[in-house]
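Presented below, as structure tokens, is a lone chain in the form predicted alone.
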């Protein structure tokens, strides 16, 4: 999974063609770290149609706020640079993320 930061987010997510899944997480977020293996498993399943990236929000707070990420974990799906759906906090489960991917891809 590609790690992006405030310098590469625009190029890798907002300027990307097609679907990009962004895993917003932080080192201090235990649910985020627990969810990471599930997101990586989804990348193996859907990586040929969806680009998977992760953003550590502790290093890009302003960017996270600008993207309206108000709680963690947040898994957002972008299409051609526009955020089309996201799952957050308790709803951020492997099943819900996979359902979101299937709905849009």
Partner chain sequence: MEKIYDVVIIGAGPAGLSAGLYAARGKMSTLILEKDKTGGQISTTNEVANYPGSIENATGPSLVARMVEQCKEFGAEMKKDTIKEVQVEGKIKVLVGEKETYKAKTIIMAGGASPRLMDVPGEKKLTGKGVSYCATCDADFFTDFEVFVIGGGDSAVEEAIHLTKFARKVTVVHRRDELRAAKSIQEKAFKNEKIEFIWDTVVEEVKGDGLVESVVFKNVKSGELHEYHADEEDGTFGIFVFVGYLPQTELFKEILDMDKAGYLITDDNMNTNVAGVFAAGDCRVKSLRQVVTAVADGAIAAIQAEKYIANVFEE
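Numbering follows the first chain given and starts at 1. Because the structure is predicted, anything quoted here is derived from the model rather than measured.
Only in words, not in the display: the form predicted in complex with its partner chain, which the text now covers.
The partner is absent here; in the model of the complex, the one residue of 53, 77, 72, 42 having a heavy atom within 4.5 Å of its partner chain is 72. Relative to its partner chain in the model of the complex, residues 82, 96 and 99 are all farther than 4.5 Å at every heavy atom. Although the partner is absent here, residue 48 is not a contact residue: none of its heavy atoms lies within 4.5 angstroms of its partner chain in the model of the complex. Its partner chain in the model of the complex is approached by residue 89, whose closest heavy atom lies within 4.5 angstroms of it. Residues are counted as partner-facing when one of their heavy atoms sits within 4.5 Å of its partner chain in the model of the complex; in 50-75 these are 57, 58, 61, 64, 65, 68, 69, 70, 71, 72, in sequence order.
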